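The chain that follows stands alone, in the form predicted alone, written as structure tokens.
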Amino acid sequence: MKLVIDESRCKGCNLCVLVCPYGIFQEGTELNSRGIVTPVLDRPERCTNCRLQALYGRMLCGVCHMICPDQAINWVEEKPFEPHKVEVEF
């Protein structure tokens, strides 16, 4: 699974930045095509839902997805054998 922000739906409220327990979202600095500053992903491999959802077969966190008023945050399936970074925190 991979976390994505749909910039066509995001209005830049930054609620995801405030609620993410892993600090994955950061306030953006550049305007998108609609003139809105949308959040950016900072090391999304720390997201437990991205890493472990397939293993456990259920949603593990998803606070960002639930809090987003525009439903702009989603998880998408990664392509087979798509390289991805894995980060382990102790």
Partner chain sequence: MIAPDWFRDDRLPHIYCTGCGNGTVINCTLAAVEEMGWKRDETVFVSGIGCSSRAPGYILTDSLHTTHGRALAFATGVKMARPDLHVVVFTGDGDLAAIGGNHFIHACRRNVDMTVICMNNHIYGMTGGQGSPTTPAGAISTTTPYGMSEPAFDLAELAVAAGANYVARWTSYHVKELTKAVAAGLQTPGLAFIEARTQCPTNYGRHNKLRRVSDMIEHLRSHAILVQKHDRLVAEGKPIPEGAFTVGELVRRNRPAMGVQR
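No experiment lies behind these values; they were computed from the predicted model shown. Numbering follows the first chain given and starts at 1.
Quick note: we don't show the form predicted together with its partner chain, though the next part is all about it.
Within 4.5 Å of some heavy atom of its partner chain in the predicted complex lies at least one heavy atom of H65. Taking the partner from elsewhere, M59 is found to have a heavy atom lying within 4.5 Å of its partner chain in the predicted complex. At a distance threshold of 4.5 angstroms between non-hydrogen atoms, P69 is in contact with its partner chain in the predicted complex. When contacts are defined as a non-hydrogen atom within 4.5 Å, all of R9, G12 and L15 contact its partner chain in the predicted complex.
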